[in-house]
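Coming up is one lone chain in structure tokens, specifically the form predicted on its own.
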Amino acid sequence: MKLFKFSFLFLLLALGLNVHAQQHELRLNLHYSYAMPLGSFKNDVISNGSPRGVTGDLLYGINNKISVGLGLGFQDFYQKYPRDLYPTGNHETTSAVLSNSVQIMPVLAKAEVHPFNGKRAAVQPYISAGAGLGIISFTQYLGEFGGSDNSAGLMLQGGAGFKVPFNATGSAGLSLGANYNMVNYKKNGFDNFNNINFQAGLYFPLR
């Protein structure tokens, strides 16, 4: 939550700065993503991290410090718990294996700020913020019985990281970072699917 608030405050500050315009550029960020559940998501649904994720951001540089655009992604969480006793209603208990599967697909309006862009440096830090929808598919099975739920809820994102340009222009290079994702989900007694993801990948211009 602190990372999310900091990202938006920094974004507002950067929007108020007098920055020098540069040639407008459309850039694509592609990342591999590893995510870890947080809070009630971790305690009540899935405690394992997910190595099955990708993210992609299509961003347009409105000046040499700020880019805005669209962020998409996919993260697949899954966990099967050992056989245990579970209450199943009418004061009954059932011995069964519980399995949970959650897929989250963000569709976000995003902004990315590079406070030191334009300066010659081997490493360029950035912060980002996003808001939009988290499209969720949740499947739960208790033994042979269960079902799926598909829904969409508000999703907010705050992120930070750094980029390592391949050349002096800085238009392409390596990117490393992390995002805190607030994913609203209030069904079947569950509160949210908040998580943090760590990402690594490439960024490059589209010409």
Partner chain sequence: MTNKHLLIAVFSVCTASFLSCTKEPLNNLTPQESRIYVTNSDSTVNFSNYKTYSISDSADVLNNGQTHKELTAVDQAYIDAVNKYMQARGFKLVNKNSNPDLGINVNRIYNTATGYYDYNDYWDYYGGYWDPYYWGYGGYDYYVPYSFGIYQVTEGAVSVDMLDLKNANAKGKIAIIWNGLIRGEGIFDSSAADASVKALFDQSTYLQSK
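Quantities reported herein were computed from a predicted structural model and do not represent experimental measurements. Residue numbers count along the first chain shown, from 1.
Below, we turn to the form predicted in complex with its partner chain, even though it does not appear here.
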Worksheet item: Of the listed stretches (61-69, 177-185, 154-162, 137-145), which one has a non-hydrogen atom within 4.5 Å of its partner chain in the model of the complex?
Response: 137-145
Worksheet item: Taking heavy atoms and a 4.5 Å cut-off, does residue 122 contact its partner chain in the model of the complex?
Response: no
Fill in: Exercise: residue 28 in contact with its partner chain in the model of the complex, heavy atom 4.5 Å
yes
Item to complete: With heavy atoms only and a cut-off of 4.5 Å, decide whether residue 53 touches its partner chain in the model of the complex.
Response: yes
Discussion item. Considering non-hydrogen atoms and a 4.5 Å limit, does its partner chain approach residue 107 in the model of the complex?
Written reply: no
Fill in: Contacts with its partner chain in the model of the complex - residues in 191-206 whose heavy atoms fall within 4.5 Å
202, 204, 205, 206
